[in-house]
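Just the one chain here, laid out as structure tokens, in the form predicted on its own.
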Amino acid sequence: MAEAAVKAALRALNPATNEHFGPSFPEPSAAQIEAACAAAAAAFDTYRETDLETRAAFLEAIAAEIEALGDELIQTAMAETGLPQARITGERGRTTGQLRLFAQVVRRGDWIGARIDPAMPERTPLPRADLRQRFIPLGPVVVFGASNFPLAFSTGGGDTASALAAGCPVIVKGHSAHPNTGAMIGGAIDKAVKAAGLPAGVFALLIGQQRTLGAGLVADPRIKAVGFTGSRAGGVAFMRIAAERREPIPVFAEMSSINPVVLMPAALAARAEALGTAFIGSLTMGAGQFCTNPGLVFALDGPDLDRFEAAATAALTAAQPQVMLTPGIFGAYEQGVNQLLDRDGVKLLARGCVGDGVNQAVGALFSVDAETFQRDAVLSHEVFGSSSLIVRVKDAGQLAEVLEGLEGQLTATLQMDPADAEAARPLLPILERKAGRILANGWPTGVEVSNAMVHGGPFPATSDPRGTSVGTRAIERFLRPVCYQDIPDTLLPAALKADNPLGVRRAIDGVL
């Protein structure tokens, strides 16, 4: 097929039937990309200085416009992803909820980070100038929509919400797996932009399937940061483009995580069967298409682990197949499972039920000893879907050694009883170095949108472990500090003026 035909051929695909539907989305032209970047740059200085109430109300208006799309949005997202109604409905609530949460953050104003060190002209041996600091937004941001969250991590999702909250115009590269859903959300944001009287360049949506679209946006000199959720290969490619620019820019990429679960001895002895059943519930949720899916389990070898495996095997054997998001994701899952089947020393414990439809993931559970796991790097690679590997360790020393050898993760989980506390204590420093969120007696699937949440971690979980893509600290990724020295009060930004017209919390000589 000619390149021109490919560029004009993007249509939504229902993964449950492999049938295309809906309108075609022509690949954005070079002129459209240029126009979006130019408009975002032109809108930046106006948008970044909007008053706090205007910006907060704008975020709330986006949430209201998304809700006004009603059942049509739900049905469209279901058709494009194969996800059930309850999941999409819940995700819509998460999307509008995080927009409203960031509206609260904006109004509160503490993200401005106002600090004032008043002048000390009489100080000896040298006087001190008047120094005032605040955070300002970085500039226009490119956000890449995620395949597995068509609402909460895509066009109007967390990266977009936090960048807009920071005062950054946003250009979204919509995901090709759900173009109609993205277009509906994009239309809702456009309506909110117009209603607020903001420059049109505050938001743009470009829907396409060619790699040159994303690469061109990241390389454009007017773009100052990137938010990405997707594959390790994609994230690393954008990191490379951003680093090789004349002006390198930050890329906040969430990429790859296998989210280890450690079954501590007392917990395993007390509730092996219950843990095995609950583990499979987490593993198979949403066909395992979560970045927090529990892809590794570590436990001491012995009868208690045998009981856990038996319960997990029974639960997975009864698990029904689920439609995956796209044929490509399904194919990659099958390839990952088949690769594990071919590894020396890896034992297949169970497969889930086989369905009669297309793109249906059949769960897979494997077991291996720790020595084999340490020798074979392939065993620690992410398989995106409902596949997991149980690693049998000999003793506490080997458990610590194996954990030390892991790459960076989004999460790490300890299943533990009170009697496990002392054995768990030396593991915590290791897990702190490896993960952004450490859980006790829970399962990593499910990420609360809140002030204290961290959804990030050392590479390759993310490209920058200093940030989070979920929670109110996500705004910090798109800000940088500026210091004002001896600037007259009439020229100072509102947050730093003597009379504090915004009423924000400020640190005066280090005291709030």
Ligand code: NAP
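Since the model is a prediction, treat every value here as computed from it, not as a measurement. Residue positions are given as counts along the sequence shown, with the first one as 1.
Beyond what is shown, the protein has a form predicted in complex with the named molecule; the following relates to that form.
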(request) Using a 4.5 Å heavy atom cut-off, indicate which stretch of 343-351, 118-126, 186-194, 228-236 touches the named molecule in the predicted bound form. (result) 228-236
(request) Using the partner position in the predicted bound form, report whether H455 sits within 4.5 Å of the named molecule, counting heavy atoms only. (result) yes
(request) Mark H175 yes when one of its heavy atoms lies within 4.5 Å of a heavy atom of the named molecule in the predicted bound form, and no otherwise. (result) yes
(message) Contact with the named molecule in the predicted bound form for G145, defined as at least one heavy atom pair within 4.5 Å: yes or no?
(response) yes
(message) Check I329 for me: does it contact the named molecule in the predicted bound form (non-hydrogen atoms, 4.5 angstroms)?
(response) yes
(message) Quick check on this chain: which one of A364, A312, L83, C291 has a heavy atom within 4.5 Å of the named molecule in the predicted bound form?
(response) C291
(message) Just to be sure I understand the contacts: of G436, G157, G167, G208, which is the one whose heavy atoms reach within 4.5 angstroms of the named molecule in the predicted bound form?
(response) G208
(message) Given a 4.5 Å distance limit between heavy atoms, list every residue of 375-402 close to the named molecule in the predicted bound form, or none if there are none.
(response) E382, F384
